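Each of the two blocks below gives one form of the same protein chain as structure tokens; they are labelled structure 1 and structure 2.
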Structure 1
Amino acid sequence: MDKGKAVMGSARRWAVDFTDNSTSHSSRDILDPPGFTRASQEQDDSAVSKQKKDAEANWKSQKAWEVAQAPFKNLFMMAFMMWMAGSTVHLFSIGITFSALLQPINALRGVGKVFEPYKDNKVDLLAPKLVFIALNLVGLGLGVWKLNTLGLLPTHISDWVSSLPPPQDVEYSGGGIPL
């Protein structure tokens, strides 16, 4: 042990220390290429990505809200068109009303698809979705209301009675002035 010590201390030309005292790179068996500094790299990377991810989430949620609120503008448009169409039944008013009905229905059917691009772990899409649905329902309501003002909804008793055949008589009577 001494001799060794002496050797080591005095006349040692080279030595390789096989002990791997690195903790962090214990798993790594392939060295990084020359010029590559992992430490700084890894440190930088994580910071930037975190930052970026936050921005994206923000953007997505912003977009989602935008999409969710889009029908709102449409509502005014629709309302104006309906007002223009008047309350008499003709081709134009029926066209407007049906487009007012179809648009929300189609939108509601495609709620998932509309918000697909904005799906993110960090983004909460529930609220915009609800707003979107609510606004579309308002639009739908507007359409139905228009349909009603046009008198196309069977809300009156007359709409149900008209198709009923007259009741039959139980008794039967005939005759007249004798021939």
Structure 2
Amino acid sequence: MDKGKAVMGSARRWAVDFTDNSTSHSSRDILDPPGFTRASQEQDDSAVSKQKKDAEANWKSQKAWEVAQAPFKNLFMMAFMMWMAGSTVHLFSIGITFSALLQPINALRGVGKVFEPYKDNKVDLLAPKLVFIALNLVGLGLGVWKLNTLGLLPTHISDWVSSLPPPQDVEYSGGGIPL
């Protein structure tokens, strides 16, 4: 059966043969039609790709700022939870307090990984990173403040009595018979 022939032997009406059997030059050797230049098409493609890159850089910058401001929402939630836990030392208040301490510490340890997806030559990540670090330091300070209100930080002189040297005797007294 010949290529392009139907089963019944009649040719297919709309079949197109794309094989190139000619010995002519390539399509690059053919002149462009009047009013068309390949350079202008390449410039249009580069302008569109530049716009896409700018839009992507803008999107990455917006997302980086959203990630940087995310700890702000966590601050109010954590402050409310610590207020609800009260100021007495018990299991729940200690658990909430150590959670308030560990979350910012872990976030500060992973700053590079958090902003990794938004790294680009056109996106400045310094300001979002600094805001992220500052908000996590505020969260860490909130946890330390809660430790202090629970009385778990050694801030009074009585907490350090065991490390103080014994006082020197100022006077001596004796009783009974003088010698």
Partner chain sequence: MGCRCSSSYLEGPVQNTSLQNEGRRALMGCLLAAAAGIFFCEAATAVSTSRRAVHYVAKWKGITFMTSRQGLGVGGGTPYGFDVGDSERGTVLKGLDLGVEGMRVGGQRLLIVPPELAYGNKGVQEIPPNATIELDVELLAIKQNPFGHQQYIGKVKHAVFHTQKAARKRVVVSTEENVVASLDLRHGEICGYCHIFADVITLSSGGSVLRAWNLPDGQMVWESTLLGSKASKPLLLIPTNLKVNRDNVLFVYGNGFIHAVATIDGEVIWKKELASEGVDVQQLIYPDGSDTLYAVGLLGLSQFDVYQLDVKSGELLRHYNMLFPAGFSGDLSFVSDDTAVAMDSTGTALVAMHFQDGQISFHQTDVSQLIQDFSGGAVILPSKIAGSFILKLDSSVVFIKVRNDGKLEVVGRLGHADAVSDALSLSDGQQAFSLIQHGDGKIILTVKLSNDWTSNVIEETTQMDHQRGLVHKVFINSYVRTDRSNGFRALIVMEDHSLLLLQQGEIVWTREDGLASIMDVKASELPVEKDGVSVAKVEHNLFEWLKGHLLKLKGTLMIATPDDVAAIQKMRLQSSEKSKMTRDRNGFRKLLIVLTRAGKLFALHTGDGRIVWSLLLNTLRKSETCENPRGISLHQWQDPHHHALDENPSVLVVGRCGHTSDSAGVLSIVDTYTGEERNHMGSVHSIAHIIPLPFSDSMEQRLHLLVDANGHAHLYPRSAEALGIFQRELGNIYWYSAETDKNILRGHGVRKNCVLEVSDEFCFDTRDLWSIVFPSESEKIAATATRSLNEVVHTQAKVTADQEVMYKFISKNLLFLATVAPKAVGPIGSVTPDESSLVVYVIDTVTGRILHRMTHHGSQGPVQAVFSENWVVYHYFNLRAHRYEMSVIEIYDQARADNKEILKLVLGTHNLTSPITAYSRPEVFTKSQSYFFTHSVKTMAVTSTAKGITSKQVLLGTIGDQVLALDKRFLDPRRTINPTPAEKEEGIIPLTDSLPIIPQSYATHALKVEGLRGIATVPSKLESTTLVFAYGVDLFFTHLAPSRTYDSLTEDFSYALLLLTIVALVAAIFVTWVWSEKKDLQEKWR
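Bear in mind the structure is a predicted one, so any value in this text is a computation, not a measurement. Between two forms, the rigid core is the largest collection of C-alphas that superpose within 1.5 Å. FYI, numbering is relative to structure 1, first residue = 1.
By the stated condition, namely the form predicted in complex with the partner chain, the first structure is the one that fits. When two forms of a protein are overlaid on their rigid core, residues whose CA moves 2 Å or more are considered shifted, and V161 is not one of them between the two structures.
Once the rigid core is matched between the two structures, the CA atom of V170 is found 12.1 Å away.
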